[in-house]
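The chain below stands alone and is given in structure tokens; this is the form predicted alone.
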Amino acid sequence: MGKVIAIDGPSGAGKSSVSKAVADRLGFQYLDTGALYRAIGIHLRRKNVPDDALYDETAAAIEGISIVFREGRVYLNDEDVSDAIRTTEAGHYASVFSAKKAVRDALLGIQRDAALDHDVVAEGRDMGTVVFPGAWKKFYLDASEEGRAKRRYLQLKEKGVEITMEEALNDVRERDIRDSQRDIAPLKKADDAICVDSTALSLNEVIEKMLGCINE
């Protein structure tokens, strides 16, 4: 098992950008767990699996699914879904279906296997609490609701998605509720994680702060 740096936190806190940069600076591999859940959310939606589906129905729909990272792109059953998984809708279904035990069971092994032969930076909601409880370093990256909504708004506008700040804020609030109140692997800070608030910090400041903690 390689070294694991686990970075958890709510939607819009900047986990992906920070995790990619930290992985690059340290020569670690980047494990984008959000992409895994978004891809599986798209898959289940296409299969018309309802939000309230039971374990067996969800597990049957997932059986045989293939999610692969290749040259910075994400492939779902050999289809490039790199852009499709970044939509608001994909984010919604990722949050909805991530509460399903069948989904978490299916992805747990995939995530842990990523660290068998490599040092990784893993970001998500339960990296330090469930997937890698024995991680080498743990962080909880947080930010205010308004700050996270603004990041989400700017990201989607840059991709040409029509969205208002109010919609972005509502999306952040709804996802916070789903992620923190679900019965299975809820979003929470690991007891031994270092908390970093990115609200008033630039991306580079957050990266340097984390690297400083790691180097200590």
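Model, not experiment: these values are computed from the prediction. When you see a residue number, it is the position in the sequence shown, counting from 1.
Keep in mind that the form predicted together with ligand DC is missing from the display, and what follows is about it.
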Would K137 sit within 4.5 Å of ligand DC in the model of the complex, counting heavy atoms only?
-> no
Though only this chain appears here, would R182 touch ligand DC in the model of the complex if you measure heavy atom gaps against 4.5 Å?
-> yes
Flag R152 as yes or no: does it have a non-hydrogen atom within 4.5 angstroms of any non-hydrogen atom of ligand DC in the model of the complex?
-> yes
Answer for A94 alone: is it within 4.5 Å of ligand DC in the model of the complex, judged on heavy atom distances?
-> yes
Okay, which stretch from 159-167, 61-69, 143-151, 37-45 lines ligand DC in the model of the complex, with non-hydrogen atoms inside 4.5 Å?
-> 37-45
Would ligand DC be touched by all three of S98, R104 and M127 in the model of the complex, meaning a heavy atom each within 4.5 Å?
-> yes
At a 4.5 angstroms cut-off on non-hydrogen atoms, which residues of 160-175 are near ligand DC in the model of the complex? List them in order.
-> R175
